[in-house]
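Next up: just one chain, as structure tokens, the form predicted alone.
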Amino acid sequence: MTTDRLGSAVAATRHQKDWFAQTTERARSGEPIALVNADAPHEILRALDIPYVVTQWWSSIIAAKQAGPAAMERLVARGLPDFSLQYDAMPLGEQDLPAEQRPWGGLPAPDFAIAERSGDVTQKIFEQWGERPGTETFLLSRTGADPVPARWWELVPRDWETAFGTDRLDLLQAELEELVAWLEERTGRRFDTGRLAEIMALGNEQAEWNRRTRDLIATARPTPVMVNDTMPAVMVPQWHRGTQWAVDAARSLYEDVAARVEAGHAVCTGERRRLMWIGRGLWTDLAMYRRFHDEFGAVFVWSMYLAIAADGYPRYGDDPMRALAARFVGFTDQLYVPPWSSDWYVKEALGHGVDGVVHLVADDTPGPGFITEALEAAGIPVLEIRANNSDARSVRAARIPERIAEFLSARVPERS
């Protein structure tokens, strides 16, 4: 069994820490920065050269540095709940931590807080940011899909009008144009459509490398890499989408994986069970993903991060603003809303040859039972665990490692 980390994962993590230090320095010297959620159109900020920090990424750092419980206590002290959407809310509490408890020196107060209205709670969290001195909030609409196309992953790169519907795209495109004007007014900067086209093209190139990597891992036997390595190697470059560095990082990940496949590396030499992890990464305990190798021969071969990077982001077209709207208008559908999500998870499970699924269900996951039902109907046993991935208190209460061990013993047979 190899325990060496992927060079691309190490390099991505190091780059992100250096980038964060540079970004905080820019903010403290007077440049505007933005806080955005993962479903917001980051490409607009990049085109305007406005540095941005992604809420969920920053929450993962807070959780990994074991500062999550203290951040949530600060929310309670302000009269806010600490039991709902912790993944979105944690950075709000981090702002009020003592300097010595703030990871990497802390997030400077953002000038802009930008999010999609993924639900009532997300909207309220970002409205709270707008009540802090010096921060303004901009919220984008969340729309629903009807009807849902079959095999959406084949449609969305180019035929997005069919996949999402013209009305949905018209609304989001108009709101993106409104966001551009809002940012131009506040920064004095001017938006360049040609620059956005370059950013979109680089994002597509990055997605193409991610698709190659996803497909390579799907067919590799034994599994050459762990999901807790591919998670940072994929997601750090996602937050730099539209840059040459991100493209190079995605290519480096592919080359790392290809080299391991060629060399016959195995993360679990006695691989007898292949597992899929549905849900957000368990940032408070990434070592958990390795715990089932020796006793059960069970290895996690899939997470949503690489898979959605392959299927969810590429958008090709002559109008970069329309393509950007198409990239984000159905993002939540693809990951969480059945049958968009359930059809895709079944496709990915079958393609990766998984024997069982661990489904981490967050409190903002719509219709998780439909996802589980679809996988079970395909003959794949599923363990549902309800917990918040970034809240160590919730993770402990859910007894995640113990329940996975029980699931493997009772429901996931060994391969011959």
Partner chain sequence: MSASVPGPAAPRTATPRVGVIGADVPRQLVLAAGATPVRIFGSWSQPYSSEAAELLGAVDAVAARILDEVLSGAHDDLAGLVVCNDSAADLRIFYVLRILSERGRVPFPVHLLDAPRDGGAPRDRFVGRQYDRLVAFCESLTGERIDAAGLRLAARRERELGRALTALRARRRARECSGAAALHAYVAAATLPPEHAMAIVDDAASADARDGEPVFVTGSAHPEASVYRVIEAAGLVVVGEDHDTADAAWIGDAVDTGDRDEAVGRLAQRHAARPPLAARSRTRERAAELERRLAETDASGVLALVRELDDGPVWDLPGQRAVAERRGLPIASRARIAPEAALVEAEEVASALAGELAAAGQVTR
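Quick caveat: nothing in here was measured; it's all calculated off a predicted structure. Numbering follows the first chain given and starts at 1.
This next part talks about the form predicted in complex with its partner chain, which is not shown.
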Checklist entry - Of the options Glu185, Glu100, Glu262, Glu131, which one has a non-hydrogen atom that comes within 4.5 Å of its partner chain in the predicted complex? => result Glu131
Next on the checklist: Going by heavy atom distances of 4.5 angstroms or less, which of Arg78, Arg221, Arg151, Arg190 would be at the interface with its partner chain in the predicted complex?
Outcome noted: Arg78
Next on the checklist: Since only the chain is shown here, I'm wondering whether Arg142 would be in contact with its partner chain in the predicted complex (any heavy atom pair within 4.5 Å).
Outcome noted: yes
Next on the checklist: Considering non-hydrogen atoms and a 4.5 Å limit, does its partner chain approach Ala89 in the predicted complex?
Outcome noted: yes
Item to check | Exercise: Lys124 in contact with its partner chain in the predicted complex, heavy atom 4.5 Å | outcome: yes
Checklist entry - Is Thr162 close enough to its partner chain in the predicted complex to count, meaning some heavy atom within 4.5 Å? => result no
Checklist entry - Quick one: which of 169-177, 190-198, 210-218, 237-245 gets within 4.5 Å of its partner chain in the predicted complex, going by heavy atoms? => result 169-177
Item to check | its partner chain in the predicted complex - contacting residues of 289-315, heavy atom within 4.5 Å | outcome: none
